[in-house]
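Listed next as structure tokens is one chain, alone, in the form predicted alone.
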């Protein structure tokens, strides 16, 4: 008999294993969905060949998305994508058409990731699945190869940190600021192999796109997974919403008085108010990634840029997370605003977020961005510096050429 008071992590693992499980237990489980991308996907295939000559015993859904270095920047990346697609098609896997978007945002947008699923991906930001009440777990290429070759994999049912967020958000404050605040409290190791479950009260006024931003960066606190319960959008099925036992950690976070926040080099948890760094010169502004390349981010950016122009000498690169978001931004006139302001609009790709292409930083360059990581060398040269903030802040900084509090 399954006990009544359980966390979301316990509920999902109990479903996929068919037995009552508790946090801390080790279980063998078969995810509902696995997905691979064009960097670790080829490495997964090579490991599969070593394990069992490339044979597949996993019976769930397997999806391939070429997004990290798309369009391919060189022969190596082009061959990797070609070989991955051929391998996948020969085995009947789902191959997402080229250029559709960044996997984490895209698979949620397309309804491939659904509430209550256990999802595994070859990327640490698979935790983004928590935005719709799925449990996303990132795996390395060898673990993914073992899962696909064997048909299942061992997992430890994670303990839970519950974050209760309440209060009405202020002007120019977004879900990005909420997760930066959480990181400032937990640090980069405060949630190691735990599930961060965030309950957003309806009064917060946070959107589904805000949920994406929050879920995506929980991994920066070491979280194994996340679940976001946003009362304003009610995207999470009631059977997934946790009924907690007594042995969980809890954080209480009020949005009243919260101001736009910024993470300074070289940790996402090195968080202070934007005003503490106001006036620092920037060379590049980069807006768009798997957590904050949403339509909301495009609208927030356009709101700041409209009627203004990027400061001379500053590079502004904007990356809608999916083709559909790009299309919607085009229909709303947002792309025109970006172009007239002097921005470069790139296709949907991970690109410079991971220091791969389309905006890699040079020696000593300073970038303010709405991406998820600012480790040394993350976006380019090891001497470069990356500041993380919300889209309003990034756009305002592009106009002034300095880190800027929006509205001032």
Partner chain sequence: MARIFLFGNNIDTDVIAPGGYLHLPLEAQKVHCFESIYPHFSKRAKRGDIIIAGENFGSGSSREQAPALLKEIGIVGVFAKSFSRLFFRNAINVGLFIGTYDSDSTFSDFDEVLVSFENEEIRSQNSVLHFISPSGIPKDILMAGGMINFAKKVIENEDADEDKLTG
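Numbering follows the first chain given and starts at 1. What you see is a predicted model; the values in this text were computed from it and never measured.
Note that the form predicted together with its partner chain isn't included here; everything after this is about it.
Only one of 62, 356, 29, 341 lies close to its partner chain in the predicted complex, with a heavy atom inside 4.5 Å, and it is 356.
The partner is absent here, but in the predicted complex a heavy atom of 141, alone among 141, 296, 208, 284, sits within 4.5 Å of its partner chain. Judged against its partner chain in the predicted complex with a 4.5 angstroms heavy atom cut-off, the residues 123, 137 and 192 are in contact without exception. The stretch in contact with its partner chain in the predicted complex, judged by heavy atoms within 4.5 Å, is 73 to 81, chosen from 313 to 321, 198 to 206, 94 to 102, 73 to 81. Not displayed here, its partner chain is kept clear of residue 242 by more than 4.5 Å at the level of heavy atoms in the predicted complex. In the predicted complex, residue 308 stays away from its partner chain, with no heavy atom inside 4.5 Å.
By the criterion of a heavy atom within 4.5 Å, residue 152 is counted among the residues contacting its partner chain in the predicted complex.
Interface residue remark: residue 270 is not counted as part of the site for its partner chain in the predicted complex, having no heavy atom within 4.5 Å. Of all the residues from 36 to 65, those having a non-hydrogen atom no more than 4.5 Å from its partner chain in the predicted complex are 39, 40, 43, 47, 50, 51, 52, 57.
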